[in-house]
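To begin, one chain is listed below as structure tokens, in the form predicted on its own.
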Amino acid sequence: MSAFSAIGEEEEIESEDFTPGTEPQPTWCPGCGDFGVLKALKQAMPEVGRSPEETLLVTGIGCSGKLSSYFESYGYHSIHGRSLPVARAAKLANPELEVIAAGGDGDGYGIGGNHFIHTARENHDMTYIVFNNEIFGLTKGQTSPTSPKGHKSKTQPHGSAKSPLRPLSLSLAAGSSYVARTAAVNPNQAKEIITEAIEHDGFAHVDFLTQCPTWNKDAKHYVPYTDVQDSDEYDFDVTDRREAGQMMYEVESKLYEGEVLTGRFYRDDPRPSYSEEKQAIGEMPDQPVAEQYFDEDHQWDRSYDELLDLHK
């Protein structure tokens, strides 16, 4: 057991342990795909053996941002597009914590796009779930980075002139070591993929297709779908970067043609995480910063003293 939390204690974990007593019932619109993310996440946590006290969920702004209110764990509701830097800081301070970040497609691929790229590049050990409904939902239906070309909205009344961003391809190019796509209409696969993502050592990106029946009525509910791992039509090596990239491009193209392909597309298990890389070159302390607060014998280092010394 660490000095910081109950991490390390043996206990029986159930999915209902992650249902909060304060706000147990989500208030998303009827038919919203966000319910599927919450259910899959609750079901995944007992599979990985993590309790609410061992978990931190960081969310951004938008309908997806309410996830931390409906999920019993440590939670941090950050500002728009900033869930990843907050999650990164928490993981670096307390590596034993299971850190999960979540946001919408506008939050994660638009406003927070730069953080997404560099968190993937550095391979921070965390899970990032992006609720992809191809629209800005909470702000009442504006075009998002994943809205299809020609899609009409309040901000693009004549139809979007831009091709949609390709999140899977972007994730691979940026450096994610686990990339997958699932959908709210496929709960069994969703639970399995989120479980794998959490267990993965490195940056795991899950593009989660979540239908928005209120503000994106033109979008299909992502059915029927095809699990590429269960289909004889698709045969590729998820550990081969080139094959994964080709498959992702096909998946992203077919989504806007009405064919929904989900599954695991890339994983690089041997790649060291950011923390491991930092420890290897001596730039991370052996004792986590979070535990230093509870160590009466710890000699505190003040970085600003070094800066002052430079000016003497």
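These numbers come from a predicted model, not from an experiment. From 1 onward, residues are counted along the sequence shown.
One more form of this protein, predicted in complex with a small molecule, exists but is not displayed; see below.
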Candidate from 86, 170, 238, 138 lying within 4.5 Å of the small molecule in the predicted complex - any heavy atom
138
Pick from 151, 221, 80, 115: which residue has any heavy atom within 4.5 angstroms of the small molecule in the predicted complex?
80
So in the predicted complex, are 123, 177 and 180 all sitting within 4.5 Å of the small molecule, heavy atoms only?
no
Is the gap between residue 228 and the small molecule in the predicted complex 4.5 Å or less for some heavy atom pair?
no
Is there any non-hydrogen atom of residue 207 lying within 4.5 Å of the small molecule in the predicted complex?
no
Mark residue 72 yes when one of its heavy atoms lies within 4.5 Å of a heavy atom of the small molecule in the predicted complex, and no otherwise.
no
Would residue 261 count as a contact of the small molecule in the predicted complex, using a 4.5 angstroms cut-off between non-hydrogen atoms?
no
Out of the stretches listed (138-146, 157-165, 190-198, 230-238), which one is close to the small molecule in the predicted complex, meaning heavy atoms within 4.5 Å?
138-146
